[in-house]
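Take a look at this single chain, the form predicted alone, given in structure tokens.
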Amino acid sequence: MQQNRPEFLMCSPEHYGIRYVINPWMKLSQPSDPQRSCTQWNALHEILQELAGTIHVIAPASGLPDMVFTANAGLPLGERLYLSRFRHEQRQPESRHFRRWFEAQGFDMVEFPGDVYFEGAGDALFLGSTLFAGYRYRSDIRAHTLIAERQGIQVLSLELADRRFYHLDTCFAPLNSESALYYPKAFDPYARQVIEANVEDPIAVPAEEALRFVCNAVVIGRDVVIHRDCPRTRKALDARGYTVHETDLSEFIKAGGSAKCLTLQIR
């Protein structure tokens, strides 16, 4: 195994399903198919096993269908985890399961005050040494200040402006220290200016591919894992020398998530 290959956390999808509505993608009238969900999750897991280092799998908990979206467990920085404080009560019980798992791995926990919501790596993504952090629908901007002060890092806050893109990782995907995929209309005008001023090579994706969650990508070096059928973005990635791995994640898009939502890079 190569050195410095990333480790990821995933959660098996036995209990995944559309059980409630907390974002515009979720519809009780359009349930997920359990067998297809497991097949799609296993395919993603297999791809990541080939590309990454260790893939940890946390046991799912009955009654917590969104626990499969481990990106929202928290924000790991070194051996410290900024544990998520979920906005919606349906997801709040997930935190105790993630806390228990990370404590068993030796992580130190940082918790936010009770009135400060923060939904982990779903709303906080590094581009180089700068943390880009989304807020409005799920996370509070006050969480960004707390992380910046505690870690001594630069945090750039980006206000989201379209409820369909309720987490930053649904519309923004750093590729390296200079480049990122993003969907401009998911952000308010000032946030777009921040991205364009601080990302040397911002790659705007078309609306139809943004709605296929092409920005919800897992990036491992020069490999990028995305949901299938996003040809224009794939062409842009090919031109920059990336190897694109497409996989069907349509069952998880029904709940508002794709490849990145289903994974959390922990080291």
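Residue positions are given as counts along the sequence shown, with the first one as 1. What you see is a predicted model, and the numbers here were worked out from it, not measured in a lab.
Heads up, the form predicted together with a small molecule isn't pictured, but that's what we're talking about next.
The small molecule is not shown here, but in the predicted bound form it comes within 4.5 Å of a heavy atom of residue 91. When contacts are judged by a 4.5 Å heavy atom cut-off, residue 172 does not count as touching the small molecule in the predicted bound form. Not displayed here, the small molecule is kept clear of residue 249 by more than 4.5 Å at the level of heavy atoms in the predicted bound form.
Interface membership of residue 26, defined by any non-hydrogen atom within 4.5 Å of the small molecule in the predicted bound form, is confirmed. Residues within 4.5 angstroms of the small molecule in the predicted bound form, judged by any non-hydrogen atom, belong to 161 to 169 and to none of the other stretches in 161 to 169, 76 to 84, 147 to 155, 97 to 105.
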